[in-house]
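Shown below, as structure tokens, is a lone chain in the form predicted alone; questions about how it binds or moves come after it.
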Amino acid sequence: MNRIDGRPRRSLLYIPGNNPGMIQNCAIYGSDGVLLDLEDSISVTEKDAARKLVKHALKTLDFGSVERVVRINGRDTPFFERDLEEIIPARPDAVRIPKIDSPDDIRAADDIITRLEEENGMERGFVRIHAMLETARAIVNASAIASSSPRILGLTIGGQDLAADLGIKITKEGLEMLYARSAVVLAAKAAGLLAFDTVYTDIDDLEGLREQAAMSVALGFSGKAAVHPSQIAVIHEAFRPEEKDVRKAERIVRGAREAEERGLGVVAVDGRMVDAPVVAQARRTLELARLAGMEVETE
């Protein structure tokens, strides 16, 4: 499903953590979630100010239904623990942790977050983790990372850093990342997690974004990060199912419901037997259709 904890996560918009103008408008961009960034978009000299601004925003602004995720700095930096110490008490929905190479990185973050939740009277496990995989080592360890903590909500691939680590050039088509992207999806889905795709950095090339977002959907990603508000509608359109698929999904779900009411273990739709995974996929299609504003038959 494209939801865990009842939230849609087709699009997650990066917002620089030192930009108060953009932060105060987080609720109106139309993305399902925002990634308040303390890492790459923030210079070393502005880390402290950005951390305080994001903390203040989390505690005072109304984000509406938009999920609030903070991208902190990696464990290999001097900012990692300070970020967690300041941000966790402000109760973000999740933190996105870059440069996750192994389960040890997740466990180190988990220990700190657990302590901070206890110190601040928060429910244990309240703050989830997006594990950002950006190195060849991380891709090889993807399955172990995915199962290293129940706090992990999803895996996400960091395309720019991974390309640098692999020594490859990112192309418009993105085929050079095909194996790594598939590995992240497989590891995430096998662990029951979400999988988030990397950004498309050319904000003037919406057609290129459309093609890459379509590939994201085809590969099984749950959502895709955006670097500009103009990219959100394109990403959402990619996750919008076709009309014929929605109607077929309605027939499958309706047939499953009627079979259950009659005490039958199997159901036939359009002359073909369907099983539980097909019904689950049909429900996912209907959920995406609802998010896209399409009329959908309710169960």
Partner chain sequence: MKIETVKNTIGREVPVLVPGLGEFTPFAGPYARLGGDYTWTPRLFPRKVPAPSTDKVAESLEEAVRRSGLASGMTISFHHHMRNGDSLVCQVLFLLEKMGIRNITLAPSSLGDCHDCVAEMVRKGVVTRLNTSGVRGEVGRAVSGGMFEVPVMIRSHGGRARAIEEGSLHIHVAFLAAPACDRLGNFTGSSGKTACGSMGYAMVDARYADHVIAVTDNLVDYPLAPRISVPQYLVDQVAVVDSIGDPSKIASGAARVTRDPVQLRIAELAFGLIRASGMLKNGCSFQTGGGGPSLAVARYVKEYMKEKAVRGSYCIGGITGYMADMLREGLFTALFDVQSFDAAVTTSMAGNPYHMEVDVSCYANPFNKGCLVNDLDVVVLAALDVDTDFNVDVLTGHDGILRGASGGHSDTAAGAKLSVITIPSMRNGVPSIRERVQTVVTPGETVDAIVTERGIAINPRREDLRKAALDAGLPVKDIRQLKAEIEKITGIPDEVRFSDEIVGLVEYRDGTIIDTIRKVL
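Positions refer to the first chain, counted from 1. Keep in mind that what you see is a predicted model, and the values were worked out from it rather than measured.
The protein also exists as the form predicted together with its partner chain; that form is not presented, and the subsequent description refers to it.
The stretch among 123-131, 169-177, 102-110, 223-231 whose residues place heavy atoms within 4.5 Å of its partner chain in the predicted complex is 223-231.
Mapping the unseen interface onto this chain, residue 28 counts among the residues with a heavy atom inside 4.5 Å of its partner chain in the predicted complex. In the predicted complex, its partner chain sits within 4.5 Å of a heavy atom of residue 203. Among heavy atoms of residue 24, some come within 4.5 Å of its partner chain in the predicted complex. Taking the partner from the other structure, its partner chain in the predicted complex has a heavy atom within 4.5 Å of a heavy atom of residue 61.
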